[in-house]
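The chain that follows stands alone, in the form predicted on its own, written as structure tokens.
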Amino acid sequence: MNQPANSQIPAMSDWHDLIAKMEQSINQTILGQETIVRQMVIATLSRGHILLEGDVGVGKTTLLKTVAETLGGNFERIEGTIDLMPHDLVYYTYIAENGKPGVSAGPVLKHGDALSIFFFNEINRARPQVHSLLLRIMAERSVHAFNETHYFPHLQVFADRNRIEKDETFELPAAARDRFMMELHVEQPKAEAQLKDLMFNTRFHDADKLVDSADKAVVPYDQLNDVAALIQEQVKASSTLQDYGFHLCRALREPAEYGIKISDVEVDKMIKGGMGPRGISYLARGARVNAWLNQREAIIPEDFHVILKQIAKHRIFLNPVYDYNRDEIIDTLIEAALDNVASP
């Protein structure tokens, strides 16, 4: 694949090697999450933000920290709590040695434009006001503070959410969820050997040491934007594949048009909202990245299939009468769309 003149970006073939090394390091550190790791790599090379959800103690935080280590760049983390205020992301106030109040840059600002990963732990414990500021940071990769606008061109937001506890938590608004390219559900490994390893191998008992054992800064984080743009430019989508991707997305908004039927559901009244332009753009971007990772120069249907659920599910909103069984209905809808839309 061609590169811009005078570019200092490693050859794209070298990037294949770097990404393979990154995945290998993560998978040696985090057991049994190979599929999730690949999806995180796709989101990263699409320059999309990532939200992990799952049960308590399945390794969401450890996984996110490990990925951050392998990406390199400056990393910041904040804990979602009910008393967290928007300004806590931007600045700290304190009493200086001279007894006078002082102000210092908060986690978003302290590294300037070198900030690579901002990790929001337990995001659903933060108040809606905090989500609103985070929305601006995610959407524009900038924030206005101290009478100037600060830009973070390399920023990727990682967040996790505990789906079990509901006390003192706040549901993310639809606009904020839409800013996450993918919502990924993390479960514990199913293989007996891996679970025994996690149970008895002392290497996995200290999460901080485990994360520290991962390879550091495997990929040059400050070149990811350029590499992502090259992938989008070089991987082609034929008109037939464009039609297929369009109809997959439309089937999730207008399932009745595609003959989709779901037991005990009025399909023509089921959907309240579906993927908008941002979501369908993410699907195309992710499909190109998946094709590139598999060393193909054009998209095939499977490139949509491997990421459709992760990109679409949190963007589909049902008539409230069906919310009691939301996850099962949406999973069935996505499978039905894949079955009913003819694959080229």
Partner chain sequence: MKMRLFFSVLAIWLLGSGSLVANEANAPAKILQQDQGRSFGVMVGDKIHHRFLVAVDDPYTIIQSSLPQPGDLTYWLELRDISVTSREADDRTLYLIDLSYQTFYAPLDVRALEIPAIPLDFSAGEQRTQLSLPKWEFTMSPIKEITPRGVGHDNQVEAFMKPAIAPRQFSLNELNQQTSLLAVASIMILLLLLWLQGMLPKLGLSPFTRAAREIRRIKRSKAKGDDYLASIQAVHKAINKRADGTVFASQLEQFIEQFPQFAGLKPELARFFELSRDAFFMDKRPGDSVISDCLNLCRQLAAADKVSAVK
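Just so we're clear, the structure is a prediction, and the values are computed from it rather than from any experiment. Residue numbers count along the first chain shown, from 1.
The same protein also has a form predicted together with the partner chain, omitted here; what follows describes it.
Looking at the partner chain in the predicted complex, residues H305, N340 and P344 each place a heavy atom within 4.5 Å of it. Though the partner is left out of this view, I299 does reach within 4.5 Å of the partner chain in the predicted complex, counting heavy atoms only. Contact check for L241: a heavy atom falls within 4.5 Å of the partner chain in the predicted complex. The stretch from 84-92, 241-249, 110-118, 209-217 that comes within 4.5 Å of the partner chain in the predicted complex, counting heavy atoms only, is 241-249.
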